[in-house]
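Before any questions on how it binds or moves, here is one chain, the form predicted on its own, in structure tokens.
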């Protein structure tokens, strides 16, 4: 059965979509309008009790949380498409390490920026300048660490593209193109080169062409 991915317009589901393209897995995208509250409707909550996207249905198997999903497909189809996990246990460890860094250091800061800079105005709410300033500072510190790492390796986990890099694409796109903070990437030589590399992958171009961001 074809994999169903719910909520393709939004950031976190795009993390799943690019993984599926890299792994050459057929899928069907199911639109969920967060602005209309479709993710809080009873039928959806039966599948995802926290009322969030993405959610995937793979036959009788249902899974949510985007990083859990990409780990699942990278492992399930490890001999198909791009190897996103590494070839040794040591490489896998580094992939997991940097995927955790993305989840716990990069993502919270850029997520808060996206909410305050892009989504708050759409809802008619004032942007919280304190949150914006704090998020800017956190991102600068994270990207300084990335700059040091990427001065030694082409990608975060080594010299191979992996889930660790892939996981940055959806919200990295917001950072570079939609929040007015592309300079945070461009001012860092190695981060900038890394971003140009990963964001030019055919899989990511397909995601952007086929599934537009809501803002």
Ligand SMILES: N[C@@H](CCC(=O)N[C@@H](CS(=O)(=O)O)C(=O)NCC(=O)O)C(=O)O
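Because the structure is predicted, anything quoted here is derived from the model rather than measured. Residue numbers count along the first chain shown, from 1.
From this point on, the text means the form predicted together with the ligand, which you will not see here.
Engineer: Report the residue, out of 149, 188, 173, 39, that has at least one non-hydrogen atom within 4.5 angstroms of the ligand in the predicted complex.
Structural biologist: Spelling it out, the residue with a heavy atom inside the cut-off is 39.
Engineer: Given that the partner is absent here, state which listed stretch (156 to 164, 23 to 31, 48 to 56, 179 to 187) has heavy atoms within 4.5 Å of the ligand in the predicted complex.
Structural biologist: Stretch with heavy atoms near the partner: 48 to 56.
Engineer: Since only the chain is shown here, I'm wondering whether residue 203 would be in contact with the ligand in the predicted complex (any heavy atom pair within 4.5 Å).
Structural biologist: No.
Engineer: Contact with the ligand in the predicted complex for residue 192, defined as at least one heavy atom pair within 4.5 Å: yes or no?
Structural biologist: Answer no; every heavy atom of residue 192 is more than 4.5 Å from the ligand in the predicted complex.
Engineer: Under a 4.5 Å heavy atom criterion, is residue 12 part of the interface with the ligand in the predicted complex?
Structural biologist: Taking the distances in the predicted complex, the answer for residue 12 is yes, it comes within 4.5 Å of the ligand.
Engineer: Even though the chain is shown alone, can you say which residues of 61 to 83 have a heavy atom within 4.5 Å of the ligand in the predicted complex?
Structural biologist: 65, 66, 67, in sequence order.
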